[in-house]
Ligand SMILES: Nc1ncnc2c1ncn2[C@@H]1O[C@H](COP(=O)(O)OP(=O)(O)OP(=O)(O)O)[C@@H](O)[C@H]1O
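Shown here is one chain on its own, the form predicted on its own, set out as C-alpha cells.
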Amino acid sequence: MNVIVFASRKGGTGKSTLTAHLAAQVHKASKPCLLIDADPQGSLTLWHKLRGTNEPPIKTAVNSVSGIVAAAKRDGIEWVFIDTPPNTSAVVEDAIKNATMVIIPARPGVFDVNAVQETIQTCRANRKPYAVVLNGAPASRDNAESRIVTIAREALAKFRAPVWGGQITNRSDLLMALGHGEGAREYFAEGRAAAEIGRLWAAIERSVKAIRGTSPSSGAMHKQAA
C-alpha cells in the first residue's frame, strides 16, 4: 500500500485541490484508493459530497490517521491520499510518519516558498521521501516558465529541496471541476489542466516505484530525507 500525504504549514497552497484531482485520476475498481481528510476545514469532504458517489471512499481524522491507514492496508487499498491542516499539529506529524511520500504544494511566492521549510524538516526528522510541487503557477509562455516560477525554484534549491520539474498552472478548469465534484480528467480530459495533473501523477508513480525499489531512481522527483 502507498500513502501519499499532502502537507504544508501554510494555508492556501492547494493541498485539498491536489488531493482531490489526483484521487479522481487514480481511483478505479482495479486500483482502489482511500481519501483521508485530516483538515478541520473539510474542503476535501465538501468536494466528496459534491461528487455524490462515495467513490473514492473518504474517512475523516482528528488527532491521528494511523488506525485508518492500518485498516486500509488490511482491506487491500492500494493508494491512500491524506489531506492535512496548514499547521504542524499532531495529526500532521502522524500522517507524515505513515507516509510513503510527502507532497509539499507551494505557490511560487516568497511566503509559500519560505513556509515549506518546516514541513521539509518534519520529513527529514522522520526520514520520509518528499518533493515540493509548484501549484497555482502563472502559465508558461512560448515554452518558457514565468520568471516568478524560476525564482521560486532557485529559492527552493537553497533549501536542498527536491522540486517537481513541472508545474500546476492556475487554470479555471481545476476550480470548475472541483465545483462539480470531479477531477480535472473527468471534467475535461483533453484540457491542459488534466494533462498537468496527469504528468504530476506519473511523476509520483515513478517516485513511489523508486522508493519501493522496483525501478531505478532516475527521473524520480523525490528525495530520501536524511
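Small disclaimer: the values here were computed from a predicted structure and weren't measured. Throughout, we count residues from 1 along the sequence that is shown.
Omitted from view is the form predicted in complex with the named molecule, to which the following refers.
By the criterion of a heavy atom within 4.5 Å, Arg171 is counted among the residues contacting the named molecule in the model of the complex. Contact between Leu46 and the named molecule in the model of the complex is not found at the 4.5 Å heavy atom cutoff.
Contact between Gln41 and the named molecule in the model of the complex is found at the 4.5 Å heavy atom cutoff. Within this chain, Lys128 is remote from the site of the named molecule in the model of the complex, having no heavy atom within 4.5 Å.
The stretch in contact with the named molecule in the model of the complex, judged by heavy atoms within 4.5 Å, is 128-136, chosen from 69-77, 141-149, 128-136, 92-100.
When contacts are defined as a non-hydrogen atom within 4.5 Å, all of Lys10, Pro86 and Arg107 contact the named molecule in the model of the complex.
A heavy atom within 4.5 Å of the named molecule in the model of the complex is found for one listed residue only; from Leu175, Ala195, Leu50, Ala157, this is Leu175. Along 44-67, no residue reaches a heavy atom to within 4.5 Å of the named molecule in the model of the complex.
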